[in-house]
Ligand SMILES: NC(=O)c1ccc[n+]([C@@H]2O[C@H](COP(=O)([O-])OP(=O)(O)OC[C@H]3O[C@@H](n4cnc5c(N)ncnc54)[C@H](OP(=O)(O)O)[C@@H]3O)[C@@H](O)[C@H]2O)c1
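Below you will find one chain, with nothing else, as structure tokens; this is the form predicted alone, and questions on how it binds or moves follow later.
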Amino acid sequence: MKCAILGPGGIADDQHAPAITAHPSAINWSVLSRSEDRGRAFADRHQLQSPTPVYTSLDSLLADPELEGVIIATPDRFHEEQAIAAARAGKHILLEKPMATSSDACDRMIRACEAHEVVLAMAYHHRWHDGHRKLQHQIGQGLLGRLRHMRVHWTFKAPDGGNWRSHPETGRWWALAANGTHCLDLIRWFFLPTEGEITHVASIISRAKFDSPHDESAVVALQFESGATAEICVSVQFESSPRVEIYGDDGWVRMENTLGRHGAGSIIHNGQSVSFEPRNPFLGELDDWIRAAKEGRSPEVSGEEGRKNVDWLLKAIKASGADRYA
């Protein structure tokens, strides 16, 4: 698949483009950049193979008849327009999270992809962490008995309040968009097969450090149909070690430093180390997208799943009582 990347930012530069290079059926083809100079530097680093590798116009990039798919790695507010344009041009889409900034926008994106018969896959790469995948399967088979609680803690220390996610023009959430959406996806991935859907959400939002219009820290509590519970703590205010914990009637699992752009970390089950193979999760999600497009099937993480994630992000903000976010 000849792939274009929309947005030559950090995640595209150090993860998506190298994953395309490493995949036997993918070609780094072209890039869309607001800055032609930045786009050319990106094209040189990743040896983009299109005769015209750099575009500053989305319409011009999508008009390339050889282009087959796009990876959208731009700010959240741009996702809807770019995904719909790509669908209308017949290009398959791998979309960075969160899917969009409203449920209605997600619906429009899904309808456009269905109408033009293109695959829309969400880039929740933690599902392709080898340790996560093994555990998700084993827990579904009863490794921990009846599930009772899951906790996901993931923070980082922003240098200042200038991140694009802190600005309403480019995003709707900050900590929840950077990390929280991944945490929510992991919880639903582990719990839905046995515990049903989320039925209740409560949350607390802090903006105490940067006075951002968006969430700087968020603590979100969830309850599922079975009565099982979960909690998320994400923040851009302080640094800490990421951790995932899952508790059931027959034991517990703790995952240390498995969250992030890598595929490493450590996993403990009832006090014993769990072995897994560190591998590139971005290559896994890319492979699933390419295979889905070739086989005419739904990807593992579909647009419908992306929409549900956005729905719960919106409900978490609303539940905090901060009406300015709703």
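Numbering starts at 1 and runs along the sequence shown. Everything numeric here is computed off the predicted structure, so don't read it as measured data.
Here the subject shifts to the form predicted together with this ligand, a form of this protein not shown in this document.
*Asks:* Evaluate Pro18 for contact with this ligand in the predicted bound form, applying a 4.5 angstroms cut-off between non-hydrogen atoms, and reply yes or no.
*Replies:* Close contact is absent here: in the predicted bound form, Pro18 is far from this ligand, nothing within 4.5 Å, heavy atoms only.
*Asks:* Although this ligand is absent from this view, report whether Asp76 comes within 4.5 Å of it in the predicted bound form, heavy atoms only.
*Replies:* The answer is yes: Asp76 has a heavy atom within 4.5 Å of this ligand.
*Asks:* Are any of the heavy atoms in Trp164 no more than 4.5 Å from a heavy atom of this ligand in the predicted bound form?
*Replies:* Yes, Trp164 is a contact residue.
*Asks:* Quick one: is Gly180 in contact with this ligand in the predicted bound form, heavy atoms, 4.5 Å cut-off?
*Replies:* Result no; Gly180 lies far from this ligand in the predicted bound form.
*Asks:* Between Thr194, Thr170, Gln223, Ser217, only one gets a heavy atom within 4.5 angstroms of this ligand in the predicted bound form; which residue is that?
*Replies:* For this set of options, the contacting one is Thr170.
*Asks:* Mind telling me which stretch in 140-148, 120-128, 107-115, 236-244 gets its heavy atoms within 4.5 Å of this ligand in the predicted bound form?
*Replies:* It is the stretch 120-128.
*Asks:* Which of the residues spanning 203-235 lie within 4.5 Å of this ligand in the predicted bound form, based on heavy atoms?
*Replies:* Heavy-atom contacts to this ligand in the predicted bound form: nothing from 203-235.
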